[in-house]
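First, one chain by itself: the form predicted on its own, in structure tokens.
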Amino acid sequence: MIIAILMGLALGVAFGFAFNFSFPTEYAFYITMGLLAALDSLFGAARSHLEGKYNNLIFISGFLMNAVLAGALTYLGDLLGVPLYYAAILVFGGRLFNNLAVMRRVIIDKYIRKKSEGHDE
């Protein structure tokens, strides 16, 4: 699972550097919010995988719903002249840090458990 994620990330970065493609500046907030939503979904999937609770349907639906919500907030904010994308930044950014903290804790707990089982023998 982790290898597939890293390979996909490497492939995406390679494509990004290989093809000189740029977006109009009007779409900058939409792209940023989409990337933030995608990162939130990926970190959530990694966390649930570490906890043994990963479900592909939940990941895909969450990925799509996060992207739609972030885009909708950004679009609605543009229409109203209010920076509603801040809400997406706060929520998704906060969840990124929360997922990272839980992942760190799960990895450390597994490491400590594995180390203590090795000393008991």
Partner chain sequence: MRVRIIAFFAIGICIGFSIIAQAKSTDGMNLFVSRKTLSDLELSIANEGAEIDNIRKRTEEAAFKLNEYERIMADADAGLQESLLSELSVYKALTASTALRGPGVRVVLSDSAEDIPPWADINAFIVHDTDILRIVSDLSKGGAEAIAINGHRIYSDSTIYCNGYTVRVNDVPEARPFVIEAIGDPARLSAAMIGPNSYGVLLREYYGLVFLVQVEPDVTLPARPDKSIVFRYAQHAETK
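Heads up, when I say rigid core I mean the largest set of C-alphas that superpose within 1.5 Å between the two forms. Positions refer to the first chain, counted from 1. It should be emphasised that the depicted structure is a prediction, and the values quoted were computed from it without experimental measurement.
Beyond what is shown, the protein has a form predicted in complex with the partner chain; the following relates to that form.
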Decide yes or no: are L69, A72 and G94 jointly within 4.5 Å of the partner chain in the predicted bound form, with each residue judged by its heavy atoms? no
Is L90 a contact residue for the partner chain in the predicted bound form, using a 4.5 Å heavy atom cut-off? no
Does L11 make contact with the partner chain in the predicted bound form, using a 4.5 Å heavy atom cut-off? yes
Taking heavy atoms only, is T32 within 4.5 angstroms of the partner chain in the predicted bound form? yes
At 4.5 Å between heavy atoms, is Y111 in contact with the partner chain in the predicted bound form? no
Residue by residue through 16-48, tell me which have a non-hydrogen atom within 4.5 angstroms of the partner chain in the predicted bound form. G16, F17, F19, N20, F21, S22, F23, A28, F29, I31, T32, L35, A38, L39, L42, A45, A46
Is_shifted P24 between this form and the one not shown (CA, 2 Å cut-off, rigid core): yes
